Structure formats: structure tokens, C-alpha cells
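Just one chain follows, in the form predicted on its own, and it is written as C-alpha cells.
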Amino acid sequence: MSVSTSSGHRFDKLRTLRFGYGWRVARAIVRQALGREVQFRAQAWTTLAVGVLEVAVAIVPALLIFGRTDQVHGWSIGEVLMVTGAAQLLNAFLAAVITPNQSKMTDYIRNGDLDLILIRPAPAQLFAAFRWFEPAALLGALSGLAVLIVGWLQAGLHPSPAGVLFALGWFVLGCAAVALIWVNLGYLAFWLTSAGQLQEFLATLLTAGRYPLAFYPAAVRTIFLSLVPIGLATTIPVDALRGRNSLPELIIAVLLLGVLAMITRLHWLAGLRSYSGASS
């Protein structure tokens, strides 16, 4: 009994130490990122300006279309603007958290920098995924939020509290799903010379999320709900605010996200088995 109790104490102490180290690493990453942004403040303002221009370019086609009609495939101009705003929020999240890290994954693997990540006493996969953080990119979310609110007022929607929760749930789930797809593309660098072109292709596809899925053919809608699930973070949340809520569908989507997370973990482990390191 005493041996079991001692082992339990050692396990708890080890777990506490690892959690404490992880917390210190997370604080250092955020502090370092904020330091970089303060040092290059012009870059932050440029990022904000680019975000505003991106939204302006996205809403011009919608304004031209709705200059001749009140609805397109059951969507009003306000609801389309809400989708555009949600897409901008998604892009801001990806630019701040996912893109900076995945753009470096090829260098990690080809230059052997991954060795330095693997020897750290922190979860290597998480460290490689969140090592770099660009707070300035989150400024792009301001323009997206502004368009979302303007669209909401224009559409005149009055969602229930449950509808708002459904919309938030779908948006978070959609962001996580797109991020995992992006991360898996980055892991292809274990076998390819570079995964950069595939990630650029994915970034191009994401621009299609600025418009409702109803605007696209059925085959494209299927792709944007499964292989490249941008619709989960753009169209589906706005649909929830319009009153189209389905708890079973949300539960199934959460389960599928769990499967995708498991695939991502297995993909990472398979990549490590093929990784020879800088010293080989």
C-alpha cells in the first residue's frame, strides 16, 4: 500500500511539474509575441488596413448582386454580410495562430530544427503548433466583427439565446476543423519537399467561405462541409442565428472533430517515425 501511495505522489508531482512548465512556456510565447508587435507597430497597422481591404473586396460583389434583387437562393444582403464577417473572423484566427506555425513546419523538418523541439520537456506537437503567435493579425477580426454586426442589423434577425449558443458552437467547431486540416497539410512536409503550395491552395479555397454555401453547386457544398469545412465556421453559424438549429447534427460534428483530432495525432506520430533528424 505504501509503495502504491508513493508512486501516486511521484506521478502527481511529475504531472504538476509538466503543467507548470507548459504554463511558463505559454506565457513566454505570448510575452515574446507581444514584444515583437510592440517593436514593429507599423506592421500591426498594416495588418489592420489589409483586413479592411479584404472585407471591402469581399462585400463589393454582394452589393452589386443585391442592387438588382432582394434575395439570392433565400439569402438577404444582411445575411450574406454576416457570412462575410464570420469568414473574416476565421481568417483572422488562422493568420494569428495557425499560419505562422505551419509556414515554418517545412523549415523545422528540412533544416533539422525539429530536433530542438523534440528534446524540450513539453508536448512537441503542441509546441510546434503554437510556438509562434501573431497578435496583430487579430486586428483583422475587428473589420470582420464590424461587418457581422452591420449585417445582423440589416437582416433584422432576433435569434433566441439557444440560437446564439448554437452559432458560437458551430463557429468554434468550424475554426478547429479548418485548423486541423491546415495542420495536417503542414505534416506532409515529412514526406514532401515542401507543403507550402498545398497550404497556399487551401488559403485560396478559404476565400470562398465569404459567401453562403447555397451560392455553390451541391458538389462544392459537400466539399466545403467535409474536406475543406469552411462552411462550418461561416454559413452554418449564420444559419443557426436564422433559427435552423439541430442538436443531433452538432453532436455528430463534435464527434467527427474528435476523429479528425485523432487522425492528426496519428499523422504526427507517423511523420516522426520517418523523420531522421539533423544529425543523420
Partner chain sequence: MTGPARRQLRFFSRLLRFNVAVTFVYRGDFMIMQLGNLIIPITSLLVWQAVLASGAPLPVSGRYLTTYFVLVAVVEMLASTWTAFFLAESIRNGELNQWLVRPTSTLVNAIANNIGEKLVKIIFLVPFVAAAVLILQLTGIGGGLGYPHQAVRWLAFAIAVVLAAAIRFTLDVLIGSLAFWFEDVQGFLRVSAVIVPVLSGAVVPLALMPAGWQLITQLQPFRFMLSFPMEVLLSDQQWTSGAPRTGFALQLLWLLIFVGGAALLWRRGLRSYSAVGA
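Note that the coordinates shown come from a computational prediction; the quantities given were computed from them, not determined experimentally. Residue numbers count along the first chain shown, from 1.
Here the subject shifts to the form predicted in complex with its partner chain, a form of this protein not shown in this document.
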Among 25-33, 251-259, 49-57, 238-246, the stretch whose residues bring a heavy atom within 4.5 Å of its partner chain in the predicted complex is 49-57
Scan Ala146, Ala162, Leu205, Leu118 and let me know which has any heavy atom within 4.5 Å of its partner chain in the predicted complex.
Leu205
As a check of understanding, the residue in Ser103, Ser194, Gln154, Asn111 with any heavy atom within 4.5 Å of its partner chain in the predicted complex should be identified as Ser194
Phe201, Tyr211 and Phe215: each with a heavy atom within 4.5 Å of its partner chain in the predicted complex?
yes
Test of understanding: in the predicted complex, would Val72 fall inside 4.5 Å of its partner chain by heavy atoms?
yes
Heavy atom to heavy atom, is Leu227 within 4.5 Å of its partner chain in the predicted complex?
no
